[in-house]
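The form predicted alone is given below as one chain in structure tokens.
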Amino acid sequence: MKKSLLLIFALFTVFVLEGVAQQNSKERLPLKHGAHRIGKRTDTEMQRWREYGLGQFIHWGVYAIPGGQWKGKTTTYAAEWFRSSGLITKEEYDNLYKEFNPTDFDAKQWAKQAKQMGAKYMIFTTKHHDGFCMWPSKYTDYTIANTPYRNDIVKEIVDAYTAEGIDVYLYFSIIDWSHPGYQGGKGITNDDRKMWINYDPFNNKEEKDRYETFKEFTRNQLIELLTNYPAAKGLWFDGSWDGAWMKEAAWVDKLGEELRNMHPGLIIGSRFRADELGKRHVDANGDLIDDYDQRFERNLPNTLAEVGGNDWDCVMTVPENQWGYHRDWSLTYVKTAYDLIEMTVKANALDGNFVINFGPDGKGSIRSEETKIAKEVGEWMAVNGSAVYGTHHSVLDKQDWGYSTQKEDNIYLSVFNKPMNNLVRVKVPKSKDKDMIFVIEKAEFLSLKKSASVQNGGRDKTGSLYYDIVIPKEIQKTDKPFVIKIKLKEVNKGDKEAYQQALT
């Protein structure tokens, strides 16, 4: 039976990958700085990454001091972009660091909360677009060392989370408004290949020379981060959409190789660089650049075909578009723990990881609403986490009651739309052998730790078999999603005894 299930899974995977390969083989270009590997990484570090299931993102910096408000005015603009909101002058913003003294910050408590939520990895903003460094970088004065707080926040985070068994990834913004050499580059579309090749992001030689100093500054800081915090597992980049950075394909590619050589096993997502034709995430041949796909920000795919056979994750805000701390959450829809649990399972059902963002305030406190969400997610994960950790898409088709994930021959049915008749109908795959059928051999509700009753449902219009799992009284009244673990067994159509034994 296990071999049959694995065969079905393997055939489906091959089908997806063949579709991707056919798409990518239409026009192969001789790229020097595109993808350097076709297909997924198979090393231990990357396998650990793809089994995380659930992660935490922390957006924190001096933008948490205004929290989206200034002098009685509130912006709906993203709080972490507050310097560009129009409510504060650049001079006012650039002096906020002199007030940054998060006396309530407790990295160990944050890490404990993340662990209780069920997070297996976390991403922390070492430097956002404003350029303020949450570590004492020796390459700029605009750092935590020159605040009233003074302590190395990145070190506190890395140490605390690592001690809790949570892997740490360092967010780093390519955009740096504080550096005099930073240039965004003149705007251009990279759809025209000839135009992109001839594109010059600078208006004059002086701008270009200044940008060279910025490039070296960026390289120095990245080397500094990996040197200071060797426990970090990877780098998470932002802001690499600027034309000037995209045009530096050869230099950035070389930098990536340097970083990987100094930190074996380093994991870098698809936001870091473009190829020489200005294509980001995937190169001009359609192949994924670097280690996993980062295009699903605040937006989950709906089918396995959309992820193209790549590793991927989705990072998600709790309010609609606030990563950093915003004082007023009434301006937008705020996701519930139920929403985020469903998104977590959906992501894993499509072979991805899901990451929930938190935005602490200027004093270092995680707001009460986020704490409540973390607690509720954690309570669900404590019971049902086996449906998330280390799982992948299952051999079952998508069905109306929710999502299914699989690990080895265990299939987890996460039910978000509880049927009114209290029967979870499960359509099973067809056997490759015309004389054999799949039946549900075992079924168990994870929250009850006891076997479930399975009834013969019949066949649908396509001839596929389905079975009904009876929802017991203890779960019928719940308003929370629940998980049923099942195992399938392949039996001969004519073996009525084996068929009946499978129905409990």
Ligand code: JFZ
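None of the values given here were measured: they were computed from a predicted structure. Residue indices: 1-based, along the sequence shown.
Note that the form predicted in complex with the ligand isn't included here; everything after this is about it.
Every residue in the set H59, Y171 and W241 has a non-hydrogen atom no more than 4.5 Å from the ligand in the predicted bound form. Heavy atoms within 4.5 Å of the ligand in the predicted bound form belong, among the stretches 28-36, 473-481, 51-59, 442-450, to residues of 51-59. Although the partner is absent here, Y77 lies well away from the ligand in the predicted bound form, with no heavy atom inside 4.5 Å. Mapping the unseen interface onto this chain, D209 falls outside it, with no heavy atom inside 4.5 Å of the ligand in the predicted bound form. None of the heavy atoms of Y142 is located within 4.5 Å of the ligand in the predicted bound form.
At least one heavy atom of W236 is located within 4.5 Å of the ligand in the predicted bound form. A single residue from the set E297, D433, E216, E320 has any heavy atom within 4.5 angstroms of the ligand in the predicted bound form; that residue is E297. With the partner omitted from this view, the residue of H393, R271, R83, K346 that lies near the ligand in the predicted bound form is R271 [heavy atom within 4.5 Å]. Applying a 4.5 Å heavy atom cutoff to the ligand in the predicted bound form picks out H128, H129 from 121-153, in order along the sequence.
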